[in-house]
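Heads up, the chain shows up twice below as structure tokens, two forms, tagged structure 1 and structure 2.
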Structure 1
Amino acid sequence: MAKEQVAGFEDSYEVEGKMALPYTYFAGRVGSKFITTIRDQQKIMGVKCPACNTVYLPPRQVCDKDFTDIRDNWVELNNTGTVTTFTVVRYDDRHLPRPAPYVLALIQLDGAGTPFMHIVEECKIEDVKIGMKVEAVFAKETTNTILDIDHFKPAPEKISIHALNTARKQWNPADEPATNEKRKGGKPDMATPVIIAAALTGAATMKNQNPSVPYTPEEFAEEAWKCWQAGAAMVHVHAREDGGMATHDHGRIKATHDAIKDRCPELIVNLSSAVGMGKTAEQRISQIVAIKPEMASLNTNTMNFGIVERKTGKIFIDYVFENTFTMLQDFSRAMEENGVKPEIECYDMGGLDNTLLIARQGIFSDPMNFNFVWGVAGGQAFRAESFIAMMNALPPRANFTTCGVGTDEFPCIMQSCLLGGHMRVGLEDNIRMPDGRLARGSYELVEVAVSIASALGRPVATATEARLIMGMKPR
């Protein structure tokens, strides 16, 4: 099509061209999985290079830096990230995803090592800044492209729990008598900071139930760090082999313990003295003596500890968890002698009474720290009045925390927080969020506990405060 001639060029003209070429693009297996996971599960997955630890997003088959094949090494990332740079598109064109003007930004998701391109909306263009926090908004209808994340919107700047803690008055042991005074009248002391513990694994939760269950020391360190960031003062750990089996191997347990301490020096590490099914008393306690963590679990009665289907009552695994009086006495003594504070696990009132009986030998240092456990198949289910009965049976100065299996987790920690006690959450006890979706990791359950504390106006304990409250030596 000839265009009108331009002055000075009357003897020549230009020819207009047009290209509209359909073409196909094969995403490949890696690219396809990335998009279908966003589309079907609203999850953003990257791949991690085990050689250089770079987490790539968008994912790729091969680490282009060291040529390692990383196609199966998927990791889940957060929906939030940071704008690393951006541009404003100020012209309209048919191929563009939005009418101009709009913001096209490079966004590095939390946990990713590389940024990727996306649209930032739901704010004024002038308000977009490098370094701003953004959150993915998923598309309602799929296009099977990266636009299955429709856009990113500004994310509320999360005020770090650590920043909040720095700003407030710190708890100190001088506050303790007042706390006990209140308790006598049955009034909980909401001023005492609440200690949040994250039980990262247990012995039985596997990656096929929730892929965030850590197995390797590096995974433990990463999960522990996320939990600490979210507000946990302590993590409870059962070390695993690479394949996921619970292990009593001293080397592996020490490597796991040390990896966590290297990553988060402040965090209290509480090791299990149950370890896993079928371990001998010697296997259970020798590792505690060898590694000397700041705290370790102490189990208080021989009981059924099985796996029973909740709806049908069908028995999957029948197992007796042996904790004789002798074991209770020997374990307590070994811990106290080695400077390990016992966390006394009570699965019912009997366990608590067993402990009080043995305590007459004068084994335990003050204050004693109890954990009320609910919902184990073999122990008692959570009931508010049982909780209060156990709390009232505690010796003076004793602290209590609580944890519940499955859906018992949230009501029991809320009750504990309400009554001035502490809270334990984590994938050992429960793999899901209150709304039923899989938790992205124990840290997300810690976030639930933090929100309960803040709803009740209770401060969240720092690791230093937790040590003081539970009677450990300052680090």
Structure 2
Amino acid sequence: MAKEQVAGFEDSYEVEGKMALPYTYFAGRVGSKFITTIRDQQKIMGVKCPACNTVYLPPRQVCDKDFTDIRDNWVELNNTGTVTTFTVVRYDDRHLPRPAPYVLALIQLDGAGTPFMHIVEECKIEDVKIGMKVEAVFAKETTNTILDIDHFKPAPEKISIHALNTARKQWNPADEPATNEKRKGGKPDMATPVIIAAALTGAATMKNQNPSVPYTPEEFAEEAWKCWQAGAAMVHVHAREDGGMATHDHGRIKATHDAIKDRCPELIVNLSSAVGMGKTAEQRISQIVAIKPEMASLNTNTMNFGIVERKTGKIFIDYVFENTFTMLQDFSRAMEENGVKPEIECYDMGGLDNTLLIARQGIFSDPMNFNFVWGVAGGQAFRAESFIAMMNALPPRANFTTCGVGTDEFPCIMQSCLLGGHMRVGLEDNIRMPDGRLARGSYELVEVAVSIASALGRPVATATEARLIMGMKPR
């Protein structure tokens, strides 16, 4: 419809209206494979950076972090994921994929390091929430677009480990024959529930490595609660200052300890007596005596303890971790006299032998609880035969758990569970999941440990059972 003539152009006039301009575009080499794999195989593919292990979805050609060319490094992802944030679209437009209202969410698939946007349906809008588990529903008719994933729907809720524990018979030590006898002849004790501990921080893991590392008492409490929900009976804690540095300040450590207990009273709190690099013997043990946690780590030998780049051998931090015989003796005695059960950390067979030598003084109460630590730069790497040798050297009635740094974590905890021992996981030791992506928190690593126990047919210990197994008095 004519509006008006334009001065100087009397033979022309303006027209109001909208013009449709249909067009096609090339999705690119990476985008095309992403779309056609969904269309033809109903598989969702991402690309993984071999340098930093980040898995990108939607896929891209170059890693955002280190600019590595990743266009050919495809990995298949699960069809399930988690809603990280969402909005409700409340207006209609013919270019939108659904009539309003509907939910548009950022969904991070299991195995992916980045979220992507899609529609959530098959539930009420008011029931959608951040953290909700969802699964993909593929379109019955293809469109050659991202809408070949038609939408995501709520995924079935997993049965809580606490519901499973409530339904089974509770473990009673009176029902168990002597543990040491069971180990003989290669017959592991698979009936005793497996204790899962979560080491939330360590002294060196920082937020720039994994943003889920807690610093404040509130962050520790929230992460500990998630770990307990996932199946952990115990958390191991190195308290931090707000800036992330490990601290020996009694007030800060007590605030962290108490915040965890307030949030999750049932959980066992195991404080570190190592604290962090450069702490004196007095700074390390005085906070244990002052706070009296149910359990505390006890280190057993002086050793190199560095940060060394695994691929090149380049040394970043070189440090001697001092644990003399006198410290081992005095720390052990202080813990036992104050009702704190020692968790005896052995980085090699020498640490175990040191402990057995000091134990001749009659310091330790039964059962002794050992933790075999693998993969520290300065200690021994995980080897299955070394694990068995250490297990066979334990005194009667002793318990053993294990933890491993980096990629040593998963094989060592699986072997421990298989041999009747216990498992420690968490961001102190390892910041990544088995598929290489960053763990969303220590609780996700606890979920891996629960899966291992489930696959091997071992029940997961409640905190009450963990106290019975480790010889702790109920509190």
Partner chain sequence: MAHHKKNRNVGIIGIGQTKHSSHREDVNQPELIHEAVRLALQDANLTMKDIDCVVHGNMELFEMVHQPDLWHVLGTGAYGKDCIRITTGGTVGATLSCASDNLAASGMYDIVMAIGFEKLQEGHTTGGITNMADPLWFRKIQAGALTGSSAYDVEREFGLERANRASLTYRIIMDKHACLNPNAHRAFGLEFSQIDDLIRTSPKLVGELKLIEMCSQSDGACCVIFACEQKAKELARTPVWIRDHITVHREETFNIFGYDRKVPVIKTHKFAAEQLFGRNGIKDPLNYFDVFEMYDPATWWAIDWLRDFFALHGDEHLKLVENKEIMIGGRMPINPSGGVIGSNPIGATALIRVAEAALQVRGNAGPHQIPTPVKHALASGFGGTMWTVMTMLEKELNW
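Numbers given to residues start at 1 and step along the sequence of structure 1. Given the structure is predicted, the values throughout are model-derived calculations rather than measurements. In this text, rigid core is short for the largest set of C-alphas that superpose within 1.5 Å between two forms.
Here, the chain labelled structure 1 is taken from the form predicted in complex with its partner chain. In the two-part rigid motion between structures 1 and 2, Thr192 and Gly28 are assigned to separate rigid parts, each C-alpha being placed with the superposition that fits it better. Superposing C-alpha atoms between structures 1 and 2 reveals a rigid-body rotation of the smaller part against the larger of 73 degrees. Once the rigid core is matched between structures 1 and 2, the CA atom of Phe152 is found 3.0 Å away.
In the rigid-core superposition between structures 1 and 2, residue position Thr68 carries a C-alpha shift of 39.2 Å.
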